[in-house]
Ligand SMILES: Cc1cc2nc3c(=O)[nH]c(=O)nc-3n(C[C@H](O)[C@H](O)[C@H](O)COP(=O)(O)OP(=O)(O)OC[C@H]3O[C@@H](n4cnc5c(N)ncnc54)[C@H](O)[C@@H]3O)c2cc1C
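Let's start with one chain on its own, the form predicted alone, as structure tokens.
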Amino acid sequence: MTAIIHWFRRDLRLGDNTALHAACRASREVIPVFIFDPAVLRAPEMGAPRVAFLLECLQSLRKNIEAAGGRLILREGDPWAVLRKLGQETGATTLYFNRDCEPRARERDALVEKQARASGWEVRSFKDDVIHEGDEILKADGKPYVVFTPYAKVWRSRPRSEPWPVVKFSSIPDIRIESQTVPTLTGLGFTLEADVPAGGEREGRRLLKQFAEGPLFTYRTRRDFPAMEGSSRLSPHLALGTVSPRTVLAAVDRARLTHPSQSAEIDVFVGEIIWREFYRQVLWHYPHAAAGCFRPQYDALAWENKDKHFAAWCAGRTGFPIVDAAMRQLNQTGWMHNRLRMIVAMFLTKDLLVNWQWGERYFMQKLVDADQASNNGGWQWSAGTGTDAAPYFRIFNPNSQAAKFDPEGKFIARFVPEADSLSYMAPIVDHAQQRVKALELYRRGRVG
């Protein structure tokens, strides 16, 4: 077989990479390429933390490929233009890549495939980012699930494939093939203000090992408390594919075998993987949710959208300590604890009455683990516009949430040290009053 181009995107690893493994089995000459797509880099929701993490992951990937006997080609431009030129330089007319659920990515991939096939290329795409793709778990009538619990029940009942081994490259890389170096963040036009975590496949596997040997066994009891280190911190690595969901679940299965008494704790973590896939299949079947409410009747909600309230929320200056601490954690670290994501999202939409899409975009710009499907699904769940059966009346009291999940105030003290002093600002809204206004806003929206 002739040379195969493997197009890296959200699969920045050599271990358990479905398309790359298939390419290395099918041909002795595999050309790995990553393309800096200006349309992606210049998208308004693209943020410096995610790009900084991406660049570190690419540095790691480049070194790993060289150690495995290959060479990563880095180029910038329109994907098909880059791929076509690379094919002309190498003689390759076969393209392999792993599928992506995001609507714009699917449009891009469909266009690339159409253009490639029109030029006589063979194109193969693979399931890799999920255990079960959108069309693999359907109801008896063939329709997709829009309620999590029955989806999760079927998901858990289905068999899972084992991870693929780490690949090796057979051919000697041609150094005459042009490649860029990994650019700098400032060179791409971004300025980083957050202290983002380390990236790369080795770091992803280290975090997984660390989690599976300890915090996994107390996940159910500790995961909702932001002052505790109870979460896996794997979300950035899953978002860019430096570790695969199959590898994560294989580690979880091994842990379950050695600690069967901890199955209840482990099951809760597996549930979070299922939530990730649930939101992916929602976006796969209902791409309109990426641009508006999953339930379209809520698109006409009369949000107040006060700029000063949104700015205060972004800066962590609302006068509600748990909200302010969470937003400062996001701004300073590029990450936010999952319980806090729900609290601040519900506060923005149901206390400040600001459109959930404003917060959704801000999260995409600030999160190192920014992921459209999970972010969109989480925001719509909190805003009450998503897949839940009757979610609009779910309104968190931020002070009650703080008392329940940060009872000693340790997390708040870390990011809002002035919270217990006279210098701390007064709340910018009255929660009880805003709750009444929010319920009326949603009631009118449902009637309208």
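Computed from a prediction, not measured in an experiment: that's the story for all the values here. The numbering used is simple: start at 1 and walk along the sequence shown.
This protein has a second form, the form predicted together with this ligand, left out of what is shown; the following refers to that one.
Q: Could you tell me if all three of 342, 369 and 378 have a heavy atom no more than 4.5 Å from this ligand in the predicted complex?
A: Yes, the whole candidate spot contacts this ligand.
Q) Which residue among 232, 94, 318, 98 has a heavy atom within 4.5 angstroms of this ligand in the predicted complex? A) That would be 232.
Q) Among 86, 238, 208, 73, which has at least one heavy atom within 4.5 Å of this ligand in the predicted complex? A) Residue within 4.5 Å of the partner: 238.
Q | residue 275: touches this ligand in the predicted complex, heavy atom cutoff 4.5 angstroms | A | Yes.
Q: May I ask you to state whether residue 125 is within 4.5 Å of this ligand in the predicted complex, using heavy atom distances?
A: Although this ligand is absent here, residue 125 would stay clear of it in the predicted complex, with no heavy atoms inside 4.5 Å.
Q. Taking heavy atoms only, is residue 269 within 4.5 angstroms of this ligand in the predicted complex?
A. Yes, residue 269 is a contact residue.
Q. Counting only non-hydrogen atoms and a 4.5 angstroms cut-off, does residue 385 reach this ligand in the predicted complex?
A. Output for residue 385 is no: heavy atoms all beyond 4.5 Å of this ligand.
Q: Spot the stretch among 152-160, 114-122, 332-340, 191-199 with residues whose non-hydrogen atoms come within 4.5 Å of this ligand in the predicted complex.
A: Looking at the other structure, the answer is 332-340.
Q) For the stretch 43-69, which residues lie within 4.5 Å of this ligand in the predicted complex by non-hydrogen atom distance? A) Contacting residues: none.
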